[in-house]
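In the form predicted alone, a lone chain appears below as structure tokens.
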């Protein structure tokens, strides 16, 4: 299995705040990597470094065997990296269809408008938004806007999809549906990194998990290994039995 993304000793500071400290991991193609940790642990900062929003102070980011450490976000999109945002950012004055067309036009395949419209139809059907296709994006509810954000990212035809808290604010039924959607995306051959606080979901959908705490990478392993890791329990889970219960929750 080839390595799609390699993060090598990435460090990032903002003034006197150390947001990331020598974070290092390899992500093979076809996996779902969960990224967890307390608020302020550096998870979104790591996404921003990987995605080209911020350059790291130290370290390198290698994507598909290319050094993209200093590449801009739009260059990442052209190379096959797409993301959603913790706070959804729809283009409110455009329709649902037009929002997704933007992803197709400025993504890896650099589609023209005719092909972008076809891709938008396909992706919106997959994500259950086809009946909203001509609505203004600003009229959608939170769950629909999260799916729209995911649709725009998928229309860019990424090899790597970065999902930043796509389950936040959803009810249990919506969470279950979104988790199943994430699995189906991975089955299509798209590799995923997923920041999440909904623990039972991330424990059940991830192949591997990385845990950050105050910018430090304190653990990496399978969900079962993370569930019994003493550093993770102390820093994040609190109750040593909690992770095991969360892992079992979706299997009942």
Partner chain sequence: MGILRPAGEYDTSYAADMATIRQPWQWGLLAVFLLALYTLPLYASQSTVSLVNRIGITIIAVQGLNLLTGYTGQISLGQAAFMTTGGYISALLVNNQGWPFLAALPVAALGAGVIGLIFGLPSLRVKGFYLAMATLAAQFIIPWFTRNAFPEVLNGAQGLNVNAPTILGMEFNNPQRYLYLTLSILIITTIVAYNVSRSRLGRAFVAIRDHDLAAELLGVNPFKYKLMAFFLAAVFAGVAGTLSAHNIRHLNSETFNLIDSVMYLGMLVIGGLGSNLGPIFGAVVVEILIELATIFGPFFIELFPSTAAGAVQALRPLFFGTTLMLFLIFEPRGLAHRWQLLKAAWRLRPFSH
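Numbering follows the first chain given and starts at 1. Owing to the predicted nature of the structure, the values given are computational and were not obtained by experimental measurement.
Another form, the form predicted together with the partner chain, is not on view; read the next lines as being about it.
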- Query: Can residue 112 be called a contact residue for the partner chain in the predicted complex at 4.5 Å between heavy atoms?
  - Reply: yes
- So, in the predicted complex, is residue 103 in contact with the partner chain at a 4.5 angstroms heavy atom limit? yes
- Is residue 95 close to the partner chain in the predicted complex, meaning a heavy atom pair under 4.5 Å apart or at it? yes
- Message: If we define contact as a non-hydrogen atom of the residue within 4.5 angstroms of the partner, is residue 91 a contact of the partner chain in the predicted complex?
- Response: yes
- Work out which of 143, 179, 77, 119 lies within 4.5 Å of the partner chain in the predicted complex, going by heavy atoms. 77
- Query: Among 217 to 225, 48 to 56, 185 to 193, 29 to 37, which stretch sits within 4.5 Å of the partner chain in the predicted complex, heavy atoms only?
  - Reply: 48 to 56
- Flag this candidate site as yes only if 72, 107 and 134 all have a heavy atom within 4.5 Å of the partner chain in the predicted complex; otherwise mark no. yes
